[in-house]
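One chain is shown next in structure tokens, namely the form predicted on its own.
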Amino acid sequence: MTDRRFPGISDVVTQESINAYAELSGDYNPLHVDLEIAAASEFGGTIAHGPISFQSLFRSLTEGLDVEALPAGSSVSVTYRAPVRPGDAVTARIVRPADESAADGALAASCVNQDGVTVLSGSVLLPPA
């Protein structure tokens, strides 16, 4: 069941945002920033850096908790499932585990693209309030 505290925030990824992240991070891997090389790769075009893929997840968490940053002691663990490409709209989904009797603050998290493809999945552990 979706946790109503956390909105399903979407972010549209652009080549400009990928290039800006490359500038910020210093990660100029051609798969991210070189249109010609990326087009010849197994991906057939540029793909976003990993952290761009879960930007909407962090925004959903911080907005849902009404904080600027996750509380100290929080833990986020993700696995990348599919590439994120320019033009993709990535939406965060945060849900309570099926066993709601667990009172440890654990949440299941995922991000999906506009086609419903899960681009990452994982878990969030929030410290006790």
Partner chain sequence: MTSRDVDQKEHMTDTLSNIAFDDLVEDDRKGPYVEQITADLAGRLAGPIGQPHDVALAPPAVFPVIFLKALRASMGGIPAGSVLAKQELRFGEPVPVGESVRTTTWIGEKYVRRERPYVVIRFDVRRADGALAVSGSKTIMWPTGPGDQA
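Positions refer to the first chain, counted from 1. Since the model is a prediction, treat every value here as computed from it, not as a measurement.
The following text describes the form predicted in complex with the partner chain, which does not appear among the structures shown.
Contact between Thr118 and the partner chain in the predicted bound form is not found at the 4.5 Å heavy atom cutoff. Using a 4.5 angstroms threshold between heavy atoms, Gly45 stays clear of the partner chain in the predicted bound form. A residue is said to contact a partner when one of its heavy atoms sits within 4.5 Å of a partner heavy atom; Gln114 fails this definition for the partner chain in the predicted bound form, lying far away. Although the partner is absent here, Ile52 sits close enough that one of its heavy atoms falls within 4.5 Å of the partner chain in the predicted bound form. Residues of 51-88 placing a heavy atom within 4.5 Å of the partner chain in the predicted bound form, in sequence order: Pro51, Ile52, Phe54, Gln55, Phe58, Arg59, Thr62, Glu68, Ala69, Leu70, Pro71, Ala72, Gly73, Ser74, Ser75, Val76, Ser77, Val78, Thr79, Tyr80.
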